[in-house]
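The chain below stands alone and is given as structure tokens, in the form predicted on its own.
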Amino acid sequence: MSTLFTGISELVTNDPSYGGPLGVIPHAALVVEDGRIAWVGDRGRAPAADQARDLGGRAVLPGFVDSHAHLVFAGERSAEFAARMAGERYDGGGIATTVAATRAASDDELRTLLAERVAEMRAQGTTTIEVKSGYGLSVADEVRALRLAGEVTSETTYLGAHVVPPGADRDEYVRLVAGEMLTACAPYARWIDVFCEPGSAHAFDADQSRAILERGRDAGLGLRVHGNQLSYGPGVGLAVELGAASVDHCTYLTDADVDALAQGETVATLLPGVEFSTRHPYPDARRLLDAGATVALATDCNPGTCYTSSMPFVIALAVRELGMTVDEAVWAATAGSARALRREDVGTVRVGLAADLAVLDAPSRAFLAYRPGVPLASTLPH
């Protein structure tokens, strides 16, 4: 069954062959057949289809790609958020609260919570989601988190190296994460991640992070890094050196970090919802973009430092606080985040790809930043 979608005010393709980085086609139409894009172009040249649907002058763009999210958890930390807003400092220690609640939850409870969060994301135009473990911190609980995550996405990330559990010996825990826990979790994961933040009492230094990432790479997992979130540090340099697909946060960057990202293949994934929720300084996207680095945007949806699932909100923050133009932010939330996952089949509108598309209840992509907080985006039904 084929469906012709007309009444598209503008179609963002991210295909430069249509002109410019976003490849915008004005007054567009597209044909979807059996869940895949069969044709795109000017509505005046649209072919016939089995049925037609008029979108009434709405903008269409690739579905958002959320390449950094922590969705397998129980409990909430609203009191911690309120305390930060009252002036208390965040140092990463609140994760232990979520670990306790997550360990105490049943599989069915976690599955229900996960499904609700994924549905919330999809209702806001997100079609591709990465999900990390990291709230189990034991072999059995990390395996469980990844097994459940694999029920909703193929982009699963093993994050046993989220923090050192309270009371654990740091060196012994690093050996566990890089050994028995990795062996058990690798069959359920595509990626391995580590919170490299030597200035934090809870995270991992450069040597520990390197050892964990190298063992993960040896196990066949792609590499990701939480880096340079709380202070200047080695995370970015380590990620680029090891060829990680993405280094996420990038809030504190030296000139050497920016140069490394510009010259390497590692994507800088910015998570401005975190700075909104922690009152840390926002990362400087303009500096990265002007240097030639590839920038992605993601939510970092998690219960402690950024409990939002809204990619449109992240885009609005990027435009307002990170120095990005609307077009740069839209590209970063779609094609940029696809690159952060090393995916060529999402983040772009192209014949043959799945029709993973977002529709805006607005005539232009600019409304994503122009009307922040308004539920404009949804996924295209087909």
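Only a predicted model underlies this, so the values are computations on that prediction, with no experimental measurement involved. Residue indices: 1-based, along the sequence shown.
We do not show the form predicted in complex with a small molecule, though everything after this point is about it.
In the predicted bound form, residue 226 approaches the small molecule with a heavy atom inside 4.5 Å. The closest heavy atom approach of residue 135 to the small molecule in the predicted bound form falls within 4.5 Å.
The small molecule is not shown here, but in the predicted bound form it comes within 4.5 Å of a heavy atom of residue 95. Although the partner is absent from this view, residue 305 contacts the small molecule in the predicted bound form, with a non-hydrogen atom inside 4.5 angstroms. Taking a 4.5 Å heavy atom cutoff to the small molecule in the predicted bound form, the contact residue among 190, 215, 77, 122 is 77.
Proximity to the small molecule in the predicted bound form, defined as a heavy atom within 4.5 Å, singles out one entry of 257, 142, 155, 300, which is 300. Note on the interface: of 42-50, 65-73, 337-345, 314-322, the segment with non-hydrogen atoms within 4.5 angstroms of the small molecule in the predicted bound form is 65-73.
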